[in-house]
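The data below hold one chain only, encoded as structure tokens and taken in the form predicted alone.
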């Protein structure tokens, strides 16, 4: 009997692959037999990650790219196709936040740096749309059933203080995911499925200052998060890839347009 979770032989493109969650996802999928094309703007970090993968005998290639450039993405897609023959999966892992798009405790929305808000929306939302367009065309020529997985966030649906730009961008990701899922299903049947994962609170480089004090203790904000999370802890980066593995596997062949929470129950708890 065929293993419905078998992803060996799939060619997976991961943007933002030098980052924590996208990088962990790329490694997990490579360890499960996928060939992974890692994309990132930071050549130094990208080269180091690809070297780690190849040292461990994993099938991986590195491609310096820019998720905000149609021209560069088109060239990157050509590189991947020339190297691996086809594209089956796209993980839109590039994203992030900027201080100017947040509202510090002593500030109000009237202090927002709109230019930074623009940049955060572009990086997260446009930075998922353009790769989907570039690699989606290639997927239509693949011999395999294909899928796209976007990165949403709890900030998309729960009103979380301070992170205005990031929240707005991830709400857009939810809509984009559902819209593309509908569009691809109508135009190509089950050839390309589109879903998203919505991680809860994971401590990373971008939010460490908000959640961890200099002495290593939890901030007041962290305690609020933990109190709102039924499991009573933060997520750990290795807990994300398994859900993505499922979404890109044959086991999820009738799943499209879904935003899957990976949050320890944060999104369903009333606090009471």
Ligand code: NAD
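Residue numbers count along the first chain shown, from 1. No experiment lies behind these values; they were computed from the predicted model shown.
Absent from the display: the form predicted in complex with the ligand. The rest refers to it.
The partner is absent here; in the predicted complex, the one residue of 132, 153, 195, 76 having a heavy atom within 4.5 Å of the ligand is 153. In summary, among the residues 227, 206, 213, 54, the only one with a non-hydrogen atom within 4.5 Å of the ligand in the predicted complex is 206.
Although the partner is absent here, residue 165 lies well away from the ligand in the predicted complex, with no heavy atom inside 4.5 Å. The ligand in the predicted complex is not approached by residue 117, whose heavy atoms all lie more than 4.5 angstroms from it. When the ligand is considered in the predicted complex, residue 199 lines it closely, a heavy atom lying within 4.5 Å. In the predicted complex, residue 219 stays away from the ligand, with no heavy atom inside 4.5 Å. Segments offered: 140 to 148, 176 to 184, 80 to 88, 95 to 103. Contacting the ligand in the predicted complex at heavy atom distances within 4.5 Å is 95 to 103. Residues 40, 41, 42, 45, 65 are the members of 26 to 65 with a non-hydrogen atom no more than 4.5 angstroms from the ligand in the predicted complex.
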